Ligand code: DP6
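Only one chain is shown below, in structure tokens, and it's the form predicted on its own.
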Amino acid sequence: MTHSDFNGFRLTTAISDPISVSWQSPSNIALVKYWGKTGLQLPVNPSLSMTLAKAYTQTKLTAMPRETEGGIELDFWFEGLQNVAFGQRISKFLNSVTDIFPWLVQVNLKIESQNTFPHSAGIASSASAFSALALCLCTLDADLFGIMLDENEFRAKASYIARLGSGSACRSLFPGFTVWGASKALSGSSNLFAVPVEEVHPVFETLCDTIILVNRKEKPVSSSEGHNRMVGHPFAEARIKQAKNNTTELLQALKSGDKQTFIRIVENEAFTLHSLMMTSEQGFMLMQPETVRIITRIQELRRETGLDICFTLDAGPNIHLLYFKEQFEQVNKLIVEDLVENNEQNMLIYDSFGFGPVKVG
């Protein structure tokens, strides 16, 4: 499957009435991290993520009649307000896929989007936003031209499109655990789109993810810039090898129900991600003192209580505490009474293993 495989159709006649489609698509948290890219939004190493349940973006895409053909004409609304900055990013993305969807320059577009989670909350909003938009584009394309794809083909196409907007977005198209990037450990895996992990022990379908907010300010270094700083990184080759091995091991742990291997790899990956940031040529640190205090305490509590808890981090200071549903009451007591006792943000977001996008209109 290549970019040319998706080249689409032009409208032979102008549409006479507005046509709309709506999807809600979740964010995801990477367990094996995607850090560093090449070419057209291609990963330098495989990544493995868990799709979330409650943190999602709902997007409505409307195509309206237009008299003349030209560039992208977009009216973008986020949570009831026009958002020029993100609208410009969306317009740039839409311009990049006009060879796949030529009709985009023949209609006026309106996008209305909203999130179930707050901005800068340690949840990848670009993953949910671009996956929802990709689903809307693929659905509208199918409706306009009668394109018949089975479910697997449709999700693969939407994942491919989502990747062009945000790399991590391609992993949000599927329920549960997803791999993006070619891996010998998973048949069908690809750098072009993500694929679902089919063999998962039932215990991992009970995973919970409580996000502990440490800081909600904008990051001083964006994820895009962080990816760029992997070019020429002194540890890049070793990191790629590590990610491949961790992907293989984690896939086996998910299949067998091996909680201890899961915990070891997930925390190793979180530490590695932030180590790569700190050791790049222009090193930077996104963890904060409160981040370090909480993750140190998580590891202490695991030893003290025997609970199956672990943490991961995205490219920021906020913490994803992972645990299993059967231990929810014990873990939540520790969160409230111990982990966030001195946390100034005093904000928690409760999420869990999710079942993928849903068409809502």
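Not measured: the values here are computed from a predicted model. Residue indices: 1-based, along the sequence shown.
A second form of this protein, the form predicted in complex with this ligand, is not displayed here; the remarks below concern that form.
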TODO: Would you mind picking out the stretch of 51-59, 318-326, 303-311, 35-43 that comes within 4.5 angstroms of this ligand in the model of the complex, counting non-hydrogen atoms?
DONE: 35-43
TODO: For the three residues 89, 223 and 273, verify that every one has a non-hydrogen atom within 4.5 Å of this ligand in the model of the complex; reply yes or no.
DONE: yes
- [ ] Report the residue, out of 247, 168, 113, 159, that has at least one non-hydrogen atom within 4.5 angstroms of this ligand in the model of the complex.
- [x] 168
TODO: Identify which of 294, 331, 30, 63 has a heavy atom within 4.5 Å of this ligand in the model of the complex; exactly one of them does.
DONE: 30
Task: Heavy atom of residue 189 within 4.5 Å of this ligand in the model of the complex - done: no
Open item on the list: residue 126 versus this ligand, in the model of the complex: is there a non-hydrogen atom within 4.5 Å?
Closed with: yes
Task: Contact flag, residue 229 vs this ligand in the model of the complex, heavy atom cut 4.5 Å - done: no
